[in-house]
Each structure stands twice: as structure tokens, then as C-alpha cells.
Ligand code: AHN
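Shown here is one chain on its own, the form predicted alone, set out as C-alpha cells.
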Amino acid sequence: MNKLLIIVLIAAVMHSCAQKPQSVSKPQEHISVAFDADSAYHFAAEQVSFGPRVPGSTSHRLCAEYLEHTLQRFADTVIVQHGSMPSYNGTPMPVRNIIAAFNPSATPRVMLSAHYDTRPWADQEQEQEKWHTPIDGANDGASGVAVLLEIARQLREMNTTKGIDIMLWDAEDSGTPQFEYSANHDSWCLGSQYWALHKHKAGYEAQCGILLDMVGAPDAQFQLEQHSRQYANHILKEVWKTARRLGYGDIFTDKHAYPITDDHYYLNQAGIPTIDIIHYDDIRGFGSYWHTTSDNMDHISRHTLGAVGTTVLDFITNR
């Protein structure tokens, strides 16, 4: 081998050894989350202790103040949005939405929401004399809010850097009672309707929305609701995949549910792709105590609260 060839080979080897090794991208580490179901149960009981939270009532005002002050302990900013919407019979309905933000300037943003008001009428009772009785709304109202309050507490503990908004809607459950007729077909979800027309922040956008409604019953099942499939199917699939990975596949089922009129419908119409985690099954519908005087803390399960809260917190933390 001639000297020139040897010199060239040595130079090539030295150049090769001097090259930096190519970096290998590591898979993103999964962050474990801790959701305290006992704490969520406490948050539900606190709301119910005020009594029925019918818009315009003292109980409603006191509970709204409690929710606002509680979120102020956890979130970076909290605002209260006041407004009015026509009720089922045309009279003005006061609206008081409570909006909490983590890292308000961060993008993209995730919207988590639930309604905190309760049904003014127990119009699903068999006994007619109970129809005009306001309900406690432990499941239908307090459960979703309770999960979000505990998520807010955990986000503060985690010192999250993500852009997350928690929105508590008012006047969701004052739609036309069963014993009356109304031509107003949009008499439900007045708080989210108001927000869709008057967003709290000009140009507000969220990449993802999750609505929680009736998420505390011991026999709860959550199906793939049609509006969620239509507007935000990719989010729906990922949340249900997260639930199955965490061992909650018996609660988050693969059955399809009919379209449900809920706050998420109006949020989707406002351009926020939003799914609805809502108690519903083909046989029992929304549950035997739905819109009755039996919707109280006796029908709230720590396990169900924990399943929903752990799933949502895991999803938003690791997405």
C-alpha cells in the first residue's frame, strides 16, 4: 500500500471519529397524576350544602361566591361574567359564568367546563305535587364542578405551565319544564349560550374542550355522544383511550349515544371542539334520580369522581 493511500485512510478515520454521534429522540415520558377523589367528594358536598342553586336565589349567589373564591386559591386569574338571556317563557334569566385561567398568555389552550346551577323543578318525579320542588343537583351540577375544582387544585400543586381554562356555566338546567309548553327550543344551557355570543376575551380560542355533566353516580356509564363524535371525534377517541389505559373501560364504554343538548353543543358552534362526558345509557337514560328530589349526595360515588377526574387530568397533563 503506498504512503499516499495510507495518509488518506488515516485522515478519513480521524474525521469519522471526530463526528458527533447522531442524537436519538426519546419518547416523551408519561407524567403520573394524582387525583384525590375524597377531595372532589368534599367539593360536591360543599355545593350541595348551600341548597338548590337556582339562578336568582340566595343559595345560588352564595354558592357562586364560594366557587369564585375557591378558584382564586388555585388559578392565576378568575373573572365573573354577568349577563342575561331569555328563559323558556321569555322572561330575562340572570347569567353568572365563572371563568378561571391558568397561564393566561400560554397557547394552545384547553377548556374544561361544567354547569353549577340546579334544576328549579323536580319535573321527573312520579308524584305531581313534587314537580315544583327545586332539586339538590348533587350529580346534575355539583359532580362536574367538584371534579374541576379538584383538577384546579392539582394543577396548582403541579405548577403547570399549560394554558388551561376552567369555566363554570350558569343557567344550564332551567330549560322548559315537562309540565309546560314553550316555543323557545334553546331554553337550556343559557350560560354557555351567553358566553358563545359574548366571549370573555376577544378572539378567545381553545384547541380542545371537555364538558363534564353528571359524572358522580355509582352506576355511571359514559357513552360516545353524537355531537362529540361529530365535532371533536379526535378528542373523544384520545380521552376514551386514556380512560381504558387507566382501567376505566367499564365506565367509558364504546357504545354510541344519541345527540344530547348540553353546553358542549353551543361551545362547538362557537368554534371550540368540545366533547361531553355525561352519564347516559340506553336502558336507564340519565339515571332514575335525574331531575328528581333524589339527586342528592346519597348517589355520589368517590370511585366515579376519581375515574373521571383521573382520566381528564391525565389527558390534559400528557397530551
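Nothing here was measured: the structure is a model prediction, and the numbers come from that model. So that there is no doubt, residue numbering starts at 1 and follows the sequence shown.
The following text describes the form predicted together with this ligand, which does not appear among the structures shown.
Among residues of the shown chain, residue 188 is one whose heavy atoms approach this ligand to within 4.5 Å in the predicted bound form. Shown alone here, residue 136 lies farther than 4.5 Å from this ligand in the predicted bound form, counting heavy atoms only.
This ligand is not shown here, and in the predicted bound form it never comes within 4.5 Å of any heavy atom of residue 54. Taking non-hydrogen atoms only, residue 260 approaches this ligand to within 4.5 angstroms in the predicted bound form. The chain is drawn here without this ligand; in the predicted bound form, the stretch among 148 to 156, 226 to 234, 171 to 179, 79 to 87 whose residues come within 4.5 Å of it by any heavy atom is 171 to 179. Exactly one listed residue, out of 66, 41, 50, 286, brings a non-hydrogen atom to within 4.5 Å of this ligand in the predicted bound form: 286. For the partner-free chain shown, just 140 of 131 to 147 comes within 4.5 angstroms of this ligand in the predicted bound form, judged by any non-hydrogen atom.
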